[in-house]
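Next up: a single chain in structure tokens, the form predicted alone.
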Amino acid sequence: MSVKVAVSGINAVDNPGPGVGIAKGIKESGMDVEIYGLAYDSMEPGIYMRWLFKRAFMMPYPSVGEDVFIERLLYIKAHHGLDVLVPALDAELPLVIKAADRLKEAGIHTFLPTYEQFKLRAKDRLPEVAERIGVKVPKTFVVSSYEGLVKATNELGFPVMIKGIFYKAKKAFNAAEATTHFNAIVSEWGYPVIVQEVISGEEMNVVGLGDGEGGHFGLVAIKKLWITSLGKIWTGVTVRNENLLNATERFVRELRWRGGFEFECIVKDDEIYLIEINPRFPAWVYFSAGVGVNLPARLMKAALGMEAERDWDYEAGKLYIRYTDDFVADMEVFQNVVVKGEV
């Protein structure tokens, strides 16, 4: 009998979610699987990738609250079967983490960080994490007023990064740009706002899967070569930077991280500067499967209580290239999604 796995974040657009990459990795797990796509908009491309997703379901936005969101998952379980849930978007994680026991009782398995670990995604917590694992962070100010912004930029000088506490990051080269970015972030996400020193170095990220006991099921590090205007990696190359990998292993060990994550850093003169921790797989996660460390498949196995592989001897110098593509779908698929909420 096939394992039925639901994956969200199937919005494979100019600002792609991780869902399609996760699904591709699971498809290559060697297990008999059926993958469901969970969507929030009827035009998300994953809905129409019938070669990858057996079924697709519209989901209520997480903002409606835990009960409505979880009831939709229980409906899918009751009518179509569902064994493993892989939430791939930040907004979903608090709901699913809190409801993990309820889902497990219904037979829907997850493998997620704890709620405390999830809260580490807030950028104002990074100095605390960096100190615990022995890495640096750029000089950072957490501000809640225009006066605080001015004070921070005067001390740091330009350029600076202006960041929302959870989302969005913009570089400002002068006071006018800083004010514009500050106002835009406040209007969308509210206070506080992060004002951060710009570190010049090589942007490197690590994708990994912690086992929740201080170990992990594999790490893959990359160097960004080309990013989009929205900050998404378009091309990258695998690297074996030992300082970076050692720092990531300390992070997993010290925090006993459970589940997928992305460890974003800037490497300068052998120093590691922690920029961000994402508490789920990034959009480029399929790169791990492509170099022989299939993290999405290992997450599925861990969720099912299986012992996932732990080898991660990947080769440096492998190139990752994202590309756009075209395909034609039946209008009937769109109509079913709009009218029935599933296909």
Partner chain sequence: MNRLARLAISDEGFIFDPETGNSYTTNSTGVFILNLLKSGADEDEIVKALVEEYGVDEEEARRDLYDFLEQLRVYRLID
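Since we're looking at a predicted model, the values are computed, not measured. Residue numbers count along the first chain shown, from 1.
Keep in mind the form predicted in complex with its partner chain is missing from the figure; the text below concerns it.
>> With the partner left out here, check for me: in the predicted bound form, does some heavy atom of residue 202 sit within 4.5 Å of its partner chain?
In response: Output for residue 202 is yes: heavy atoms within 4.5 Å of its partner chain.
>> Is residue 78 near its partner chain? Define near as a heavy atom within 4.5 Å, in the predicted bound form.
In response: It does not: once its partner chain is placed as it appears in the predicted bound form, residue 78 has no heavy atom within 4.5 Å of it.
>> Against its partner chain in the predicted bound form, would residue 241 count as a contact residue? Criterion: heavy atoms within 4.5 Å.
In response: Although its partner chain is absent here, residue 241 would touch it in the predicted bound form, with heavy atoms inside 4.5 Å.
>> I'd like to check something about residue 68: if you look in the predicted bound form, is any of its heavy atoms closer than or equal to 4.5 Å to a heavy atom of its partner chain?
In response: No.
>> Exactly one residue in 223, 139, 121, 232 has a non-hydrogen atom within 4.5 Å of its partner chain in the predicted bound form; which is it?
In response: Selected residue: 223.
> Of 89, 266, 237, 74, which residue is found within 4.5 angstroms of its partner chain in the predicted bound form when only non-hydrogen atoms are counted?
Replying inline: After the contact test, the surviving option is 237.
>> Can you tell me which of 179-187, 223-231, 99-107, 251-259 lies within 4.5 Å of its partner chain in the predicted bound form, counting heavy atoms only?
In response: Stretch with heavy atoms near the partner: 223-231.
> Of 310-343, which residues get within 4.5 Å of its partner chain in the predicted bound form if you count heavy atoms?
Replying inline: Residues within 4.5 Å: 316, 317.
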